[in-house]
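This document opens with one chain alone, in structure tokens, the form predicted alone.
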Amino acid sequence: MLLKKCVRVLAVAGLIVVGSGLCVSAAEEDMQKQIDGIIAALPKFAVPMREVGDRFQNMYFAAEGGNWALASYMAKYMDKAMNPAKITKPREHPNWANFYKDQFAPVNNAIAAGDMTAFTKEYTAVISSCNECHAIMGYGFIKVVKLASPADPGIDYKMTSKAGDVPQ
């Protein structure tokens, strides 16, 4: 009789252990589905790149108007706009990070210095770099040009400021 009770207890305990393992596995699967759903909802490369393009265009008009803080702000958040691609396009994001760190750095330096001559030179060089990169990656049909007016006309581009005025 005691042996039968022990066997039953062990059988029930075994079922509990197996059942709890199934629950953990199901919970892990559910969590992974949720994570995959969140990643699928994040913008890949095209949507953040659209924001990058608008900010890039706006920074020119900010610099031209002497609003160096706005130019700096646009440059900073142009880079941050690409953060979703760290998760959604992990193989492509390093291309962007290297571009911003290396090829875009002279634009940031010109903004920090408030030097319109250097800014115009470096801004123009970046446009060429963007178009070269687009072509190399198979997107040669996306050709960046400098707009005749800002992408966002609802900002005062001529408000005098310094790049250092942007809050950290």
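Everything numeric in this text was worked out from a predicted model, so none of it was measured. Quick note: we count residues from 1 along the sequence shown, nothing fancier.
Keep in mind that the form predicted in complex with heme C is not shown, yet the notes after this line are about it.
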query: Contact check for Ala46, Met49 and Cys130 against heme C in the predicted bound form, heavy atom at 4.5 Å; finding: yes
query: Interface residue in the predicted bound form among Leu42, Met116, Ala125, Ile142, criterion: non-hydrogen atom within 4.5 angstroms of heme C; finding: Ile142
query: Contact label in the predicted bound form: Phe56 to heme C, heavy atom within 4.5 Å; finding: yes
query: is_contact(His134, heme C) in the predicted bound form, heavy atom dist at most 4.5 Å; finding: yes
query: Close approach of Trp96 to heme C in the predicted bound form, 4.5 Å, heavy atom; finding: yes
query: Contact flag, Ala81 vs heme C in the predicted bound form, heavy atom cut 4.5 Å; finding: no
query: Partner-facing stretch of 134 to 142, 108 to 116, 65 to 73, 27 to 35, counted where any non-hydrogen atom is within 4.5 angstroms of heme C in the predicted bound form; finding: 134 to 142
